[in-house]
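Look below for two forms of one protein chain, each set out as structure tokens: first structure 1, then structure 2.
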Structure 1
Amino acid sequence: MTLVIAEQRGGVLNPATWETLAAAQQMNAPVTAAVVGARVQDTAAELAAADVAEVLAVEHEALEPYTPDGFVAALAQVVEATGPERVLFPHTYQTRDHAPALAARLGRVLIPDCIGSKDRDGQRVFVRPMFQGKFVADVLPEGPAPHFASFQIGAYRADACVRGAAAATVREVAVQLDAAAIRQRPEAPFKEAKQAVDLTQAERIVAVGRGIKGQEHLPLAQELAKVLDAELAASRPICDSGWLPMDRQIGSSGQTVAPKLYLAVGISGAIQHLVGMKGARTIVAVNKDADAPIFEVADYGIVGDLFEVVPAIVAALDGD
């Protein structure tokens, strides 16, 4: 059995959970989903729409707000009670906070940031990038089950998660927690600035690279993003130069995204950038260099000067 740990905050399910469920469904084993928090019945009912054996609703007042201490204590009991072959998480900031501690408490291996898995002689092998995406490694976990793994956002499509013919059973799971043993006292989630954006939730993204040449040309990309109702993002050189804030950076040292549309403007396509956006459903690239690596992953490519192409796209979308 594969146990998927769903992620929710304030009763809202993180969309990356559906991607991890899609990954689990391809492992040829029954799938169980678990959601943890103080009041998770609505979220559990939402998860029950997936083709899973059952959904575990793990509720306790000490689990709200989130703390790694609380989650590790609760999930350790769930894993020991259910005895799964593997435990999967979406690779989010919250997962990075508590999953290593959970695996360590149970004396098990954790393989983070996976992009796929495959069966090899009856054993499940996990695929993950290495050295900032320069290589891809097949990792065979050793030691007794369960093995823990997290899946990179965008590695699987959320709409690839198979829905069940009928709602799965939701089962409440009681856990024993000592609120006094939870050491952390979390404050409100950190926000860098009011304009800070979570690009992982964006459906459309316009990203700019060094081809934009100068900060004074950014309004061109901003106008394109506006007509597309998209978020504006950038490759690392743009953010390093201070032309856009660091929360707009996409790549191995920035955010990993999987929007429905990713429009890359003046981006050559270095591997460090590609690992952050290759999960996009549709990739459109605009670059005057016909040999730019970005065209290798693009669904549609426009070879041309962005200072001519982008205004033409804006005019067409505006109906002018």
Structure 2
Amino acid sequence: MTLVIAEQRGGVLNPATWETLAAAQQMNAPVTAAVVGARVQDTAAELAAADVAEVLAVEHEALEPYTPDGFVAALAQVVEATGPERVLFPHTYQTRDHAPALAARLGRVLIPDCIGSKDRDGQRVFVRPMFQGKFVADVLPEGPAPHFASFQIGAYRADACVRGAAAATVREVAVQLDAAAIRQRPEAPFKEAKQAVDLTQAERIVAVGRGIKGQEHLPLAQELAKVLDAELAASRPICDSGWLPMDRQIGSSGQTVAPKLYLAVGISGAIQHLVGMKGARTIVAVNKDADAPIFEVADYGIVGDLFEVVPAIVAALDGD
């Protein structure tokens, strides 16, 4: 028997589950699906539409929210109670989180991230990419069954999962869990509050280079950006030193921007920087070296010491 572990979150079935069921159906063995959580009756019923022998609903209060300890303990019991030949997962983040621990707990092998499987002389061989997909390996699991494998998302088509003539039976499976033995205390899921700096959308950009000399002088550039209502950006040495985050780097290994105004302060204008900003409509450069290549692309150039020029610009603009 092939046991497929479905993935659900808050009652919503992860569609990759259907793909893994499709993989399982092609293995010439009866398929059982199991879904784990605190309230899984609805998802279990949904799964019963597939052509499977039965669906196991594994319910326990301690399984919500998801914790790797909880899932490993519950799944270990399900596997031991049902004795499958193999256990398959969709290769999701959750699977990556608990399947290795489950396999280790049971002392079985896990073959992650498979893209196929085949029968070789009656033995089930798993196919998985290696070397970033340059190479495909046939992996023959060793050791006693069940063998664990996870399937890469997209390796099978969800609609390749054969539907049953009638709904499969859903069986509830009780598991013993000790809530105190669960070591993780998950917090509410959060979305990273990414500070939205999308330099490609900025109308005006003040970019600062190594001419600024030290991190302690950055406020000078920040002030200039503020009075111009511009975003602050930089050349590579500034970001490389960690004075500004890397997503503010302009150039061939950073962002390519085309604002209305690009004001380059203390930037020499190396080609790797130019390719990231030469599409700007108006380019203004402040540099004390009249031969700096930045002046070749600048519409307006100020040859001078930025520590004099910038405060003067700020003062002039602040005046209005």
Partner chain sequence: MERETLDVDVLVVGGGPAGLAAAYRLARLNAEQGGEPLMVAVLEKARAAGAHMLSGAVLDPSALTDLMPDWKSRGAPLDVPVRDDRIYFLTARRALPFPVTPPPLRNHGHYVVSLNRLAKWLAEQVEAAGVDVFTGFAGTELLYEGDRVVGVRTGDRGLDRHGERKGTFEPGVDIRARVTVLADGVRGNLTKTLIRRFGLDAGRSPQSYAIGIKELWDVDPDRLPAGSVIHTMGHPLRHEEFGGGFIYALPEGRLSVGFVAGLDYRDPLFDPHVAFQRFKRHPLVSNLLAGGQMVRYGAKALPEGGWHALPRCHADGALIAGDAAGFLNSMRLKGIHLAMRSGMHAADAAFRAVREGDVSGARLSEYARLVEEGPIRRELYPVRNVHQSFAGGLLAGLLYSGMSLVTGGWWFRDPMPSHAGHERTRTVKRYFGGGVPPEPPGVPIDRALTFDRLTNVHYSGTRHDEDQPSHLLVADTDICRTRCIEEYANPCTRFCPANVYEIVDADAGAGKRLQINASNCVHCKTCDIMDPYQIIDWVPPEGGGGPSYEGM
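Heads up, when I say rigid core I mean the largest set of C-alphas that superpose within 1.5 Å between the two forms. The shown structure was predicted, so the numbers you read here are calculated from the model rather than taken from an experiment. The first residue in the sequence of structure 1 is number 1, and each one after it adds one.
Colleague: Looking at both copies of this chain, which one is the form predicted together with its partner chain?
Modeller: Form predicted together with its partner chain: structure 2.
Colleague: Align on the rigid core first; then say whether the Cα of Pro65 has moved by at least 2 Å between the two structures.
Modeller: Pro65: C-alpha displaced by less than 2 Å between the two structures.
Colleague: Note yes or no: does the Cα of Val12 move by 2 Å or more between the two structures after the core is superposed?
Modeller: After core superposition, the displacement of the Val12 C-alpha between the two structures stays below 2 Å, so no.
Colleague: After fitting the rigid core, is the C-alpha of Gly37 off by 2 Å or more between the two structures?
Modeller: No, shifts by less than 2 Å.
Colleague: For Ile271, tell me the Cα shift between the two structures once the rigid core is superposed, in Å to one decimal.
Modeller: Between its two positions, the C-alpha of Ile271 lies 29.4 Å apart after core fitting.
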